[in-house]
Each structure stands twice: as C-alpha cells, then as structure tokens.
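One chain comes next, on its own, written as structure tokens: the form predicted on its own.
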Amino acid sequence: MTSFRILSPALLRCLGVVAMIAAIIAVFTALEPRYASYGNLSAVTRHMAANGLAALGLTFVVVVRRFDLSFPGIASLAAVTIGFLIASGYGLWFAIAAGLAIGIPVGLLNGFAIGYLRLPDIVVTIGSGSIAAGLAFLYTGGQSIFQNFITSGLLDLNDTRFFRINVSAYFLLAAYCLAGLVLHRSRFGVALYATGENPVAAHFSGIRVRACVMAAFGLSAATSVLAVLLLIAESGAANTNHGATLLMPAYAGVYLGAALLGGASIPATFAGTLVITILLDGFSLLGLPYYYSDGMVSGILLFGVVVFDPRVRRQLRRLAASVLPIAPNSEFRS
C-alpha cells in the first residue's frame, strides 16, 4: 500500500484525466481513422478556443458559488454589435472594444443585482440574458451579418497559424495562463474562493464579498464576448444564434473538470473543456445526429453537478462509511 502513497491525490487525478483523454481518442480513431489526422486535431483546437473562453469566465462565477445563465445572450448581443460595426465600415479593434463595452456592463449589472441587492442569481441572469438576446435580434431581425468581414481582418483570427497551430489556440492558452495567475496566485483569487466557501466568514475577514461577486460576473461577460468573437471568425458571419451554442459546453466543461480534479479551478476547466471538445468533435466526425451529442453533454453536465456538489459528496461518504466501516487501527486514517 505504501507505493500508492508516493503519488499525491492531485497527481493521480491528473493521470486519470490523461488516461481518459487517451482512451477517448483511441476509441474515436478506431471508429473513424480520420479522427487522428492533423486537420481534425486542428479543428479541435479551434472549437476548444471558443468553448474554453466561455468556460473560463464561468469558472469565476462557479468559484463564488453562483450561476450565470446570461452569458449566451450577452455573447449574441456582442456578436451582432461587432458584426454591425464592421459592416458599417468601422475598424476591427473598435468593433471588438464596442462589443466588450456592451457585454461587460451587463455582467457587472448582474453582479450588482446579485451581490448588492441579493436577488436570485438564476432569475437575474435569465432575465438579463433574455433581454440581451432580444436586443441582438433587433439589430438584424434574425439575419446574418457578413459584409466587410474579409477585408476587416476578422477572419485572420481563425485562419492564421504559427507552427501549424491556429492562433486562436495560442490566444486560449494565454488567457488561461493569465486567469490562472489571477485565480490561484493573487489575493483577489483567494478572496473569490473565500467568498464561495463561506461568505459570512469572508466578510468578517475583511473581504469585499459583494464586490467579488460583481467582478466574477463581469469576467464571465468579458470572456463570453471574446468567445463569440472566435465563433464569428470561424463562421464568417455574425448572427443571434452564436451565443446559444456556448451554454452547454461551457457549463459541462466547468463542472466536469471540477468533478475530475476535485474542485473548480483554471486547470480543471481546461481539462473538462478539452474532454467535452474531443467528444463533440468525435460525434460530429462520425455523423451522429446533434441530439446524441446534446444528450451526452447534458449527461456530463449532470454528472459534474452531482459530483461537484459538496452535499452529495457528504452523503456518498456517509453511505460508504455505513457500508464499509473503517476499523480504528486502519492505516487509512484521514
């Protein structure tokens, strides 16, 4: 038994995730040899970039133990805003700044209503997300925007490669590294975790709990805008449906990663998003109907929520203790 103690639980979890990813790739490659091709792996990195950015911001919200259902609507509003400005002849960077200027205030408003006014997070974010999606529809009437996209340089975000890897993958890695420093190596990150674990104790420790909640929702909105920017670059058009495609993969990535690595974190979200992306890509390559992949993602999301919920874990530990009681002289004492 001593040999198993050489590896820490965290390392064992990481090795388990690597083994899971390798097994998934092996199964899909056996079913469809094209899965292991460079072209398909490049497509995986492109698809992961958008979903990964949406999940990245959502991680901050989950860390403070809240839910955000508004970011798909915010992403749709930002998408048509960016598309409208580019089609009107404005520069790419101005359009991106405008998208962020519209999306971030909506997220901050969500955080203010939830953190300061103590309104229910689900109700607030569903309402604000629906309003944002409705405003997006007013821009276009449901039609796609694609004028001036080729000359604006927007498509280069999807087509440019360095060392045969899409630039969006480098952008995703840079965003995760920065978020990792913020969440795991700064006082702000410690404050976010303390807010999620025990807001009352965090408040009496001098942490501005309400401001932390507000900041988390602002970050979620910002990353949703960046995520939909990559979706626009990939599709070559801006429409009101882009945001809806981010909801399930983002939540599934965050909660699956938390279940696999023992808690919400930046590495956990990256791992969960990678697993979700390679699964969705495999289903798409096999030509399975969309409802199969949607059902799989929904099942993974439910699994992650159940395992990540501390109340469920406590119940499982109690059940295990009642079925397999530990002897007093056991070497596995906690």
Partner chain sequence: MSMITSSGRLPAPAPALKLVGRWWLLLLLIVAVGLFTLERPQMIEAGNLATILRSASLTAIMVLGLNWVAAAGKIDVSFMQVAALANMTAASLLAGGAGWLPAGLAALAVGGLVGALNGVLVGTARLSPLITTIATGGICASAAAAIGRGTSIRIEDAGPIGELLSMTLGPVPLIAVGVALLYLAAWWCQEHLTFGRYVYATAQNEEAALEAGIPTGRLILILYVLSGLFAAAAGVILVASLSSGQPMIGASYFIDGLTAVLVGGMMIRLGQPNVIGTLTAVLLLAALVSGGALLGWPDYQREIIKGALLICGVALAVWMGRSRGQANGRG
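So that the term is clear: the rigid core is the largest set of C-alpha atoms that superpose within 1.5 Å between two forms. As the structure is a computational prediction, the values presented were derived from the model and not from experiment. Residue numbers count along the first chain shown, from 1.
Beyond what is shown, the protein has a form predicted together with the partner chain; the following relates to that form.
A heavy atom within 4.5 Å of the partner chain in the model of the complex is found for one listed residue only; from 298, 37, 284, 29, this is 298. Distance criterion of 4.5 Å from any heavy atom to the partner chain in the model of the complex singles out 134 from the list 134, 262, 105, 236. Against the partner chain in the model of the complex, the set 127, 302 and 306 is in full contact: each member has a heavy atom within 4.5 Å. Residues within 4.5 angstroms of the partner chain in the model of the complex, judged by any non-hydrogen atom, belong to 203 to 211 and to none of the other stretches in 146 to 154, 168 to 176, 77 to 85, 203 to 211. The closest non-hydrogen atom of residue 100 lies beyond 4.5 Å of the partner chain in the model of the complex. Although the partner is absent here, residue 69 lies within 4.5 Å of the partner chain in the model of the complex, judged by heavy atoms. The partner chain in the model of the complex is approached by residue 248, whose closest heavy atom lies within 4.5 angstroms of it. Contact between residue 91 and the partner chain in the model of the complex is not found at the 4.5 Å heavy atom cutoff. Superposed on the core, the two forms barely differ at residue 38: its CA moves less than 2 Å between the shown form and the other one.
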